[in-house]
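So this first bit is one chain, no partners, the form predicted alone, shown in structure tokens.
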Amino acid sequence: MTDFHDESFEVVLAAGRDRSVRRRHPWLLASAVARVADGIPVGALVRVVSSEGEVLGFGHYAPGSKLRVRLLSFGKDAPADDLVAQRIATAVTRREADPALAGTDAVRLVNAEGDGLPGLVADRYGDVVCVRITASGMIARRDAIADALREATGAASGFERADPVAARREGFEARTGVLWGAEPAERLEIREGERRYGVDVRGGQKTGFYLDQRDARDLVQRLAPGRRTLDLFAYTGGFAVAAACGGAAHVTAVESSERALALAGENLAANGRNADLDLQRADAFKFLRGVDRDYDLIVIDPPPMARTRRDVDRASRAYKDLLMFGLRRAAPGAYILAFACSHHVGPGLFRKIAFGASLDANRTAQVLAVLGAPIDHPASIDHLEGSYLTGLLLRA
């Protein structure tokens, strides 16, 4: 994989706006840029220079984005032309060698900034690699990325999932389609330990499944024996299947999408468990307000509600509402797993939200653990925003 850059491709920072680059943060905002050389192609590798002329690093250029440069390396030395391919190979090799991932054939292979590859996510489902690209620098290298992933994984096929929001933000065309090999089947089966799931990589959420909740599903399976379980925002039944496999006495799965709920039913049936099942197509907020039974194990895993900083107040109210009604429906000694999926709502804020919900519900609770993404979703220590998944394990 070769890169396209030129010694004249230079981005010069405004005076006093070099602090984030010196601290190795991979996002350079447009507001920090004083001037840019003429004629730099979208996605080109550029040299980032301080106002005094010091070379600070190198990254991919996006002239239409608020994130004007996504940095790949820091210091005065330009990265190798095949840096992206090298990092893909390293990321894949690390997952293959990790004993913590030995029990599954569904793994995140590349986790964007966490693997030094801003704007690139690649997930493996058996013999299929599903890719999401959210930055113009990686879009410009799509074919070379596909070649590197194919070589590193040996997977039979690669499939790209469009991200329309990122495409509008970055100014590229959103695309879904085959990268190599044949188009994936409508349903792929994956395994997580003894659990089996059908995954829709062509039309499901994200790349088809929430791989970042694998550890939490394992936890639910361990906690489930004999418990009446409520899985809110169930999607295709990830937590519901884990509870059923763990020996839950009853499982209620609540999901607003008819298509996702149908696949949840298929997944529960495919795992052959004898739990009493109740699949509810409903809005989770309304369901919680209206249900009149208590549960021993409750999972609250809503979709992202704070995509920007402006959304935090509204999202906090929504999380508090869910936790308050969840606590009211928790039997004595019940476990509650609650999650926020946004770096704008971190562990400190989420715990404050949970505290406020407990006051309003007039139910105290113990904090047993802080939960997060599994080992194949690493976050760079330089990039706080990469730690986007926050969870709490509570006992009522």
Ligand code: SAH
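In this text the structure is predicted, and so the values were computed from the model without any measurement. Quick note: we count residues from 1 along the sequence shown, nothing fancier.
Beyond the structure shown, there is the form predicted in complex with the ligand, which is absent from this document and is the topic of what follows.
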item: Candidate stretches 112-120, 135-143, 99-107, 277-285 - the one whose heavy atoms come within 4.5 Å of the ligand in the predicted bound form; value: 277-285
item: G247, heavy atom within 4.5 angstroms of the ligand in the predicted bound form; value: no
item: Partner proximity in the predicted bound form: P303 to the ligand, non-hydrogen atom cutoff 4.5 Å; value: yes
item: 4.5 angstroms heavy atom contact with the ligand in the predicted bound form for F74; value: no
item: Contact flag, T229 vs the ligand in the predicted bound form, heavy atom cut 4.5 Å; value: no
item: Contact assignment for the ligand in the predicted bound form, among T93, Q86, T176, Q205, heavy atom within 4.5 Å; value: Q205
item: Contact residue in the predicted bound form, from N267, T252, Q213, Q221 (heavy atom within 4.5 Å of the ligand); value: Q213
item: Within 232-250, the residues that have a heavy atom no more than 4.5 Å from the ligand in the predicted bound form; value: F233, A234, Y235, G238, F239
